[in-house]
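One chain follows as structure tokens, the form predicted on its own.
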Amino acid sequence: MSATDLTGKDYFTDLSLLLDPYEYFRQMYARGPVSPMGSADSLLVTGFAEAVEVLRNNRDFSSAIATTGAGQPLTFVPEGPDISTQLDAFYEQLGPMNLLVNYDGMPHARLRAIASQLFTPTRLKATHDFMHEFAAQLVRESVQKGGCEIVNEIATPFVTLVVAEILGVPPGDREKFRAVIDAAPPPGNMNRDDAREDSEPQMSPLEYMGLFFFEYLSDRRDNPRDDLLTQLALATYPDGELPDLLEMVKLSGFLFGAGQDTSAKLISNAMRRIAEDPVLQEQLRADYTLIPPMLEEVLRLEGSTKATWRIARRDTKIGDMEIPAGTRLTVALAAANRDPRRWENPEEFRIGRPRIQEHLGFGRGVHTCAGAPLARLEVAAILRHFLEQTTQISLNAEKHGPPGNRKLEYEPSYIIRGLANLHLELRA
């Protein structure tokens, strides 16, 4: 154990945990793969087997708090051995934050069936040329300048335009969406005192984008075209029922916002790994087929999502541990992906690790990230273009310090593992 005990720190507000949350998770894991968090009324799940058990058991563990997390108090006091009725009322209180990611049961299955239609192999293949042409252009311009700040100059605009192209967001609105997302606090904001008490309430990015998607989808229901927005507007549930338009508006905004954020962070996390390891760079340049398995290992060791949340719908168990109804669970995906019971030498970066795709970088169970196929393709695409167009990629020592004494800044989020910036030097 580290000389400094981190287990009493508040995971949801303590900014000192941003640089290396993994040491906090390691110390909590030493107390047990499921253990009480000292900083919140929640159990922390750090074990791989235990995390998989929770994520797959969508009957006993509800996703109702997936958008609010365990860092905020519940709006009700759980009562009895089954809180299903209370959760139904809780859903109604969520308003715009009642999204696909926190749906349960049949409502989730019906909407997920529609979301999955957006990322079929055929749909992704149709975006292939646009994705690669845009990636090549961004990288070419950066190499000509001798470097770039990859998070904001490359990764974010790249994934934003790719998902906008897939969804069919009009070109004139794409930068508006990106600007409002960039200006908002990150998901799981740890700086809770950012907003002044006397300031006007700000419209969230989802609400802002919802205004546009309502217009897009309303128009497509009245005037169908040959595009994906029309497919979304006219999509039906598996039983043939046409969804409420507001449901499709929320789905569209969520897929746009969530997809661009986590994929952009994955690009920068992967690029940091590449920039810090010249041997790895040469391996990848010599054999581009190593990029996908390399990316899977990045997802395991440095995935974009640190944690997700569940609440026990009824009295249940994790293994032999009794879990009363109403117990909130912080499922630490980042910790489970480093569980030594599951992964041999878990801190080691190893391309070709056996059964690597069992990692939890995209979750598990019915809530596995619907956009995972797109994320894998777009991140692999831009990484390949960086490797093809350069002979050397390195971190800018003036901005980040010399090797062995790097200075890195992470976004203040207890959900997302993402660099605030990453300055690269690029040699053609």
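Numbers follow the displayed sequence, beginning with 1. Because the structure is a prediction, the values reported are computed rather than measured.
There is another form of the same protein, the form predicted in complex with ligand HEM; it is not shown, and what comes next is about it.
- Listed stretches are 318 to 326, 345 to 353, 101 to 109, 274 to 282; the contact stretch with ligand HEM in the model of the complex is 101 to 109, by a heavy atom cutoff of 4.5 Å.
- Proximity to ligand HEM in the model of the complex, defined as a heavy atom within 4.5 Å, singles out one entry of G38, G363, G32, G69, which is G363.
- With the partner removed from view, the residue among M294, A233, A258, M190 that has a non-hydrogen atom within 4.5 Å of ligand HEM in the model of the complex turns out to be A258.
- Here the marked residues S263, R310 and C369 all reach ligand HEM in the model of the complex, each with a heavy atom within 4.5 angstroms.
- For the chain shown alone, I114 is not a contact residue for ligand HEM in the model of the complex, no non-hydrogen atom being within 4.5 angstroms.
- Interface residue remark: F177 is not counted as part of the site for ligand HEM in the model of the complex, having no heavy atom within 4.5 Å.
- At a distance threshold of 4.5 angstroms between non-hydrogen atoms, T156 is out of contact with ligand HEM in the model of the complex.
- Interface membership of Q86, defined by any non-hydrogen atom within 4.5 Å of ligand HEM in the model of the complex, is ruled out.
- The partner is not shown here, but in the model of the complex the stretch 371 to 393 reaches within 4.5 angstroms of ligand HEM through a heavy atom at G371, L374, A375, E378.
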